[in-house]
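Next up: a single chain in structure tokens, the form predicted alone.
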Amino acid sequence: MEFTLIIPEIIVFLTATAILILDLILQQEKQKKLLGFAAEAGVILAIAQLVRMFALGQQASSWGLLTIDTFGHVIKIILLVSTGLVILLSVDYFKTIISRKGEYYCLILFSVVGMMFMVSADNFISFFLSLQLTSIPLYILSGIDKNDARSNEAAYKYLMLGMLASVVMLYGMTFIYGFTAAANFEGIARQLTSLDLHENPILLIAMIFIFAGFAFKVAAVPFHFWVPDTYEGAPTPVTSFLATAPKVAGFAALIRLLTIAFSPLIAQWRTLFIILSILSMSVGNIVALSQTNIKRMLGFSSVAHVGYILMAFAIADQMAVSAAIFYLMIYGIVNIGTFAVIASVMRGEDHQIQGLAGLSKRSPLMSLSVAVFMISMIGIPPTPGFWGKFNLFASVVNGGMTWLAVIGIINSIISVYYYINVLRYVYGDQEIGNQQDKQARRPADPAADGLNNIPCLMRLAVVISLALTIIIATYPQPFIELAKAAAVALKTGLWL
């Protein structure tokens, strides 16, 4: 039966629906915590089902709208692990900030359902509907804290620019449909094979429109303007969600679209992604150098990481795609871990980097976690970030673009400054922060800043992220093989 192919999506959807009902039943504020546990249970159950489907090697097409394959299974597991960590982080963080907690978990889960469908979509119709199911809850989540003016501003900017990006993308899809009379990716590929791009330049414009929409969704330059304000204004758990899950889903959908539907036009879109990659790496790293707010710094840092991943799209062979998937695994875990630390130690603050001054003396666990996550983002061995960048740069060199890998390495060197700057405050004297910004100075008494009573679930989110980071650093090969299996499963003529 076709519905057996989408059991994980059904589980997440039913969990979201059940949370809405439970929210009406549970009247006392103390009982609302159960909503977070229910959401976590649904995510874990969906992960278990995906692991089962992966082990059985279930692959099929559903209704001509979705392709259920190993590639989708792996990406969905990454999405759900990231979501599980975000929910874990949110339970205690939103204890007093928002009153309608059921709506919060419901919005996260409905957005994840959209992402899961988007990853499997092999048709413009199913893809665009999934994209909207993903995006609309994200707009609301970024402004979930109605009492915070910055959160409201973040939601407004994200909504306006997101709507524009969706319209532009849809406009490009209509052009493609007009030329090919097909909405299915494989059907589009067959029709594009017989079309001459020089005789039909509108096809190039249509591709640019579609890629512009994707560039917004993954925050690539020059469509990254929403990132710093939205990351800064949204509550930290929401920021961690925005920084990971939607990007993983966006890149996965883009991989399927490019390697299947647009594979006949590979020469044209390779050049475009080379430009996007160089711009994203360079602008993201250079602008991050001057940031004093850690959430804005991480926002521009994420733009730079998008540039690294886009190098794989410039190559678009099996090795490059598997390297990109492996990098997405690492990127999700390390980013959520970083934001989990920020949520734990900088609650109710303006998130200035100076606020971390002297953290090592007040919380060894949190300072160690920050160090591991920052070093991993730089790509220093033997962290997962090193293995991720090594595989990514190796795939670029193997694809004959050594000069592009050199640009990536130079940008990684640039990033050392602002990542190490964070550690300078964490492991430096608390007076470092006082010298630059007296208002940012943290109290010396651990009880005064609440570090000795960090809620256990927030601490657990940090510990799990740290443990996963260490596991991947120690045993990277199983995860690399998992990424290779996902890439091999793609039904593309580029390497089959």
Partner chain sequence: MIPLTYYLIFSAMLFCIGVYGVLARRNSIMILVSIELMLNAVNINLVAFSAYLRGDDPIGQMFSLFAIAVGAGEIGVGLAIILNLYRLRNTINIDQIDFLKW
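Everything quoted here is computed from the prediction, not taken from an experiment. Numbering follows the first chain given and starts at 1.
Note that the form predicted in complex with the partner chain isn't included here; everything after this is about it.
Asks: Quick one: which of 267-275, 363-371, 376-384, 135-143 gets within 4.5 Å of the partner chain in the predicted bound form, going by heavy atoms?
Replies: Of the stretches listed, the one contacting the partner is 135-143.
Asks: In the predicted bound form, is there a heavy atom of the partner chain that lies within 4.5 Å of any heavy atom of residue 150, even though the partner is absent here?
Replies: Looking in the predicted bound form, residue contacts with the partner chain include residue 150, since a heavy atom lies within 4.5 Å.
Asks: Considering only heavy atoms, tell me if residue 308 and the partner chain come within 4.5 Å of each other in the predicted bound form.
Replies: No, no contact at 4.5 Å.
Asks: Applying a 4.5 Å heavy atom distance criterion, does residue 128 contact the partner chain in the predicted bound form?
Replies: Because a heavy atom of residue 128 falls inside 4.5 Å of the partner chain in the predicted bound form, the answer is yes.
Asks: Using 4.5 Å between non-hydrogen atoms, is residue 400 touching the partner chain in the predicted bound form?
Replies: The answer is no: residue 400 has no heavy atom within 4.5 Å of the partner chain.
Asks: Within 4.5 Å of the partner chain in the predicted bound form - does that hold for a heavy atom of every one of 37, 103 and 260?
Replies: Spot residues vs the partner chain: no contact at all.
Asks: Can you pick the one in 209, 393, 223, 419 that has a heavy atom within 4.5 Å of the partner chain in the predicted bound form?
Replies: Contact residue from the list: 209.
Asks: If you check 331, 117, 71, 124 against the partner chain in the predicted bound form, which one has a heavy atom within 4.5 Å?
Replies: The residue in contact is 124.
Asks: Is any part of 209-236 within 4.5 angstroms of the partner chain in the predicted bound form by a non-hydrogen atom, and which residues would that be?
Replies: Contacts from 209-236: 209, 229, 232, 233.
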